[in-house]
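Only one chain is shown below, in structure tokens, and it's the form predicted on its own.
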């Protein structure tokens, strides 16, 4: 079978990792990158020796491109994914996939109508350490998981200058950190517990005076199978150079797994048999491996005709829990996810 021609659309942020993912993928090849900023497009294209394109419509018209990877601003995910599907392209969409459930449903309908594969990019679940935790739990190392705490503090990734330059004040509401980054943890925890989120309660803190976005968000969640979790996102009170990391703690009926990145980079398992180190030699993040993993997942699904590793129905349940958490963010009250009804939300 001929390799799938791929284009990365949006050349900033994690775009180089998407590009490297296609370079590494078995069954795909990177042929172009696209950004409306010519300098951004040419810089990334030069790194990989591929075409630099500034017109997205040109990408969609090219016969040598079968899959596009969208690394564009959140608000553009839905209209650009729909356009790609209508052009017969398979689509890998960066999280948060869509801004609303209405957008997601329209994206799914477009993919199904065109007969193309569409998948949410969730690099977190492909990171080597977090895959080791998943494998340990599926092997029954700690019995049935009943509680997890997942925390992602890091140094701020925005500045007043970048915020003003991007015009984000007109685009980003106070809940944006929860929407933009929270979907990673919502996806991973739902996968780990093998259950949908049933109830959420969100608390937050505004952080810096000049920034509309709340920089600390914590969501207490209950799952349909009775498990509980606490998901934290924090961007405040970290000095420059503070590393991005994820602390993870999960309790099961027969043991506990404790993982952290800042010192030992180990995954420790505690059970009746004593302490074990199933991930002791795994590096802290392994970002390139993670992005290569998600790219390979959608490439494999396209080539085999099977459902992708992260099905759209699963992503819809994750996004529903996330949107309910945003409603709790705004109201200060618990939200029943099954009864959650989203207000508004048309595609821009």
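Residue numbers count along the first chain shown, from 1. Computed from a predicted structure; not experimentally measured.
Here the subject shifts to the form predicted together with a small molecule, a form of this protein not shown in this document.
Under a 4.5 Å heavy atom criterion, is residue 125 part of the interface with the small molecule in the model of the complex? Residue-level check for residue 125: no, no contact with the small molecule.
Flag residue 26 as yes or no: does it have a non-hydrogen atom within 4.5 angstroms of any non-hydrogen atom of the small molecule in the model of the complex? No, residue 26 sits far enough from the small molecule in the model of the complex that none of its heavy atoms falls within 4.5 Å.
Even though the partner isn't displayed, in the model of the complex is residue 268 close enough to the small molecule, meaning a heavy atom within 4.5 Å? No.
Please determine whether residue 74 contacts the small molecule in the model of the complex, using a 4.5 Å cut-off between heavy atoms. Answer yes; at least one heavy atom of residue 74 falls within 4.5 Å of the small molecule in the model of the complex.
Identify, from the list 214, 129, 184, 89, the residue with a heavy atom within 4.5 Å of the small molecule in the model of the complex. Of 214, 129, 184, 89, the residue with a heavy atom within 4.5 Å of the small molecule in the model of the complex is 184.
Looking at 103, 175, 199, 94, which has any heavy atom no more than 4.5 Å from the small molecule in the model of the complex? If I apply the 4.5 Å criterion carefully, the residue I get is 94.
Interface stretch in the model of the complex with the small molecule - options 94 to 102, 107 to 115, 129 to 137, 251 to 259, non-hydrogen atom within 4.5 Å: Among the listed stretches, the partner-contacting one is 94 to 102.
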